[in-house]
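First comes one chain, alone, set out as C-alpha cells in the form predicted alone.
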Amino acid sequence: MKAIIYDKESKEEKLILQEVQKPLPSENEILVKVHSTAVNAADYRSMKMGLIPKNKIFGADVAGTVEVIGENVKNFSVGDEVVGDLSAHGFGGFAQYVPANESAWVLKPQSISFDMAASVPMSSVTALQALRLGNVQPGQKVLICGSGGGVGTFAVQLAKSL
C-alpha cells in the first residue's frame, strides 16, 4: 500500500510517499480502507515537537470503509462506513489502510460524505472537551475566541446546544 512517511533524515522533503506493507488488524482492531483524511494542528504540532508515530505515518482524522475486523471486534462489520480520531491510537491515517482499536471508530452518518466526515473528529471532540471542562450550563454566555477555525466552529454550535 502507499503511505506518506515522515523521514526526518531526508534533506529535501520530510513527508515522502512510499510503498509500505499493508497492516493487519489485531484481535481488537478494525482495518479501514481510507477514503478521506484531514490534516490538522495535531499532525503539524507533533512533527514540530518531534513526536513521531511509531509507524512514521501521521493522520488522526480518518473516514473510510471497514476492510477486515479482528476476532474480538463486536461493533463493526466488513463494509461499514466509519469515521475516527486516531490521535490516541498511533495515528496512521495518511495511508491507504489503517488499523486501530474499534473504540477509535464510529459509524459514519450516511447523509455526509467521507470528506466531510474526516474533517470532524479531532476538532469537534476538542471543542466538546473545552466546553465540558468549562462546565457550560444552560443560560450562561460563552465567549469563543477564534470561532473561524475548526475547533471554534464546533465550539459555537456545541455551546449553543448546551
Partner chain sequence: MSVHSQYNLQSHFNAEVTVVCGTRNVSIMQLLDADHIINYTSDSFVNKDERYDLILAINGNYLLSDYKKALKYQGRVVIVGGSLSQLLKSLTFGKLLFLGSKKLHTLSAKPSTADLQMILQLVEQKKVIPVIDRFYPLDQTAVALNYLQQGHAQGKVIINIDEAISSSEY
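Computed from a predicted model, the values in this text were never measured in an experiment. Positions refer to the first chain, counted from 1.
Although not depicted, the form predicted in complex with the partner chain is the subject of the following passage.
Undergrad: Pick from S46, N55, Q96, S26: which residue has any heavy atom within 4.5 angstroms of the partner chain in the predicted complex?
TA: Only one option qualifies, and that one is Q96.
Undergrad: Tell me, yes or no, whether V78 is in contact with the partner chain in the predicted complex, where a contact means a heavy atom of each within 4.5 Å.
TA: Contact with the partner chain, no.
Undergrad: I'd like to know if A41 sits close to the partner chain in the predicted complex, meaning any non-hydrogen atom pair within 4.5 angstroms.
TA: Yes - in the predicted complex, heavy atoms of A41 and the partner chain come within 4.5 Å of each other.
Undergrad: When the contact criterion is heavy atoms within 4.5 Å, does L131 count as touching the partner chain in the predicted complex?
TA: Yes - in the predicted complex, heavy atoms of L131 and the partner chain come within 4.5 Å of each other.
Undergrad: Examine K8 and determine whether its closest non-hydrogen atom to the partner chain in the predicted complex is within 4.5 angstroms.
TA: Contact with the partner chain, no.
Undergrad: Using a 4.5 Å cut-off on any heavy atom, which residues of 65-103 would contact the partner chain in the predicted complex?
TA: Residues within 4.5 Å: V83, G84, D85, S87, A88, G93, F94, A95, Q96, S103.
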